[in-house]
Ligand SMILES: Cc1cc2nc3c(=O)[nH]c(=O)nc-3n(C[C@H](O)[C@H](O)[C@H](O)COP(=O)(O)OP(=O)(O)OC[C@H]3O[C@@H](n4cnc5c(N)ncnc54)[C@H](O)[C@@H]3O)c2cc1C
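In the block that follows, a single chain appears as structure tokens, in the form predicted alone.
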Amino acid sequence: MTIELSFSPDQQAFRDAARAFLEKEVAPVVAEMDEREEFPRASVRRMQEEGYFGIPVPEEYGGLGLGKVGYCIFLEELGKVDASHGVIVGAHTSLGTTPLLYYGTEEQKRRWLVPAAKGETLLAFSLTEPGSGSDSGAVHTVAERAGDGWSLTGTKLYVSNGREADAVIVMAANDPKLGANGGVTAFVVDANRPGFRVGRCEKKMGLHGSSTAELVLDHVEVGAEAVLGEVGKGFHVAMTALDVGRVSLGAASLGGMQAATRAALEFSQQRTQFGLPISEYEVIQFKLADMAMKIHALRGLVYLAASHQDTLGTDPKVWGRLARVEKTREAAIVKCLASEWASEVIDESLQIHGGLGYIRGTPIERAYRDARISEIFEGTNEIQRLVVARDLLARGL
């Protein structure tokens, strides 16, 4: 079987155009955005206008129709420039549009997916609560029947894009006794509904340009048309979105690793100690070699996984059980390795920069702060190892 990992001419052209756009529109605002800890509205607006918030969405629903491979190409390029913008795009696209595309009715797709893909609205995804994080099936936000619709009550935490979102994918317990299998339902909720409000926004170590918000739902009434997929099947909706998000997180991490390695390479060739550029010393060369090897390995993992997701398609009803579990294992592997390798590569780059790397406001210092959360959000790496191990015990290699 031939495995093709090269980009087509169209994909290469898309990558080049995205790279030029990001260098012009995003790179110049990153330092001030990070210092002010402000959502980058102007650059986000420009990205929306270019269609970058709907890259994997089919053209019939307002997107660019470039699939998961095209989406990862963009996030790799974005990862080279800024992680905050990457989180904003990922929360909207991976976690927001995926449930609508994969599980939405035609009416829901026209109502919510089309404007989201066109960049006219911004989406968020809310699963984590004060009492549930890694135990994502332990949802305490309650969905109670209210006439023909539902009333939602509860509190969500750590919602990326939560402050700015026009609509939020909300996981709520329709029957807490049933737990994850049958007891959780996914809803798409207009952020302007009565009873829906944004609580506190967290002050974070990194990712200063993206909001991380508390969302409070106080008897928010929605119609039956707000249910995504089937009642009681919300856990499947959430896990499908997270599988997409974990691979795209790998692409963003890949971009961040490349930027850190390039910075370390250039600095090591310019910085002299004991009469020589530090790149002449074997200890630095070994660091650079290890960094390059991780980049090379991760690139293959990311794009193979993205290609597999494209091949699988966007209709979960036609997926076989084996395809589902393989997709989930692959996404867990990519997410876990990408986030840890990114932290290691950025840390080594900072070490090569010496004291300069520790100075607040330098690109490598910002990258160091931004990278740490990737081992936690979209499923902690401990959970990813459980996913891989349980599948390994069930099916073997």
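For clarity, every value in this text was computed on a predicted model and none was experimentally measured. Counting begins at 1, following the sequence as shown.
This next part talks about the form predicted together with this ligand, which is not shown.
Counting only non-hydrogen atoms, which stretch in 267-275, 223-231, 288-296, 126-134 is within 4.5 Å of this ligand in the predicted bound form? Stretch with heavy atoms near the partner: 126-134.
Taking any heavy atom pair closer than or equal to 4.5 Å as contact, tell me whether residue 235 reaches this ligand in the predicted bound form. Contact with this ligand, no.
With heavy atoms only and a cut-off of 4.5 Å, decide whether residue 380 touches this ligand in the predicted bound form. Residue 380: yes, in contact with this ligand in the predicted bound form.
Might residue 208 be said to contact this ligand in the predicted bound form, defining contact as any heavy atom within 4.5 Å? Flag for residue 208 set to no.
4.5 Å heavy atom contact, residue 387 and this ligand in the predicted bound form: Contact with this ligand, no.
This ligand isn't shown here, but in the predicted bound form which of 80, 118, 109, 204 has a heavy atom within 4.5 Å of it? Looking at the other structure, the residue within range turns out to be 204.
Could you work out which of 101, 165, 306, 159 is the residue within 4.5 angstroms of this ligand in the predicted bound form, going by heavy atoms? If I apply the 4.5 Å criterion carefully, the residue I get is 159.
Within 344-370, the residues that have a heavy atom no more than 4.5 Å from this ligand in the predicted bound form: The stretch 344-370, when checked against this ligand in the predicted bound form, contributes no residue at the 4.5 Å heavy-atom cut-off.
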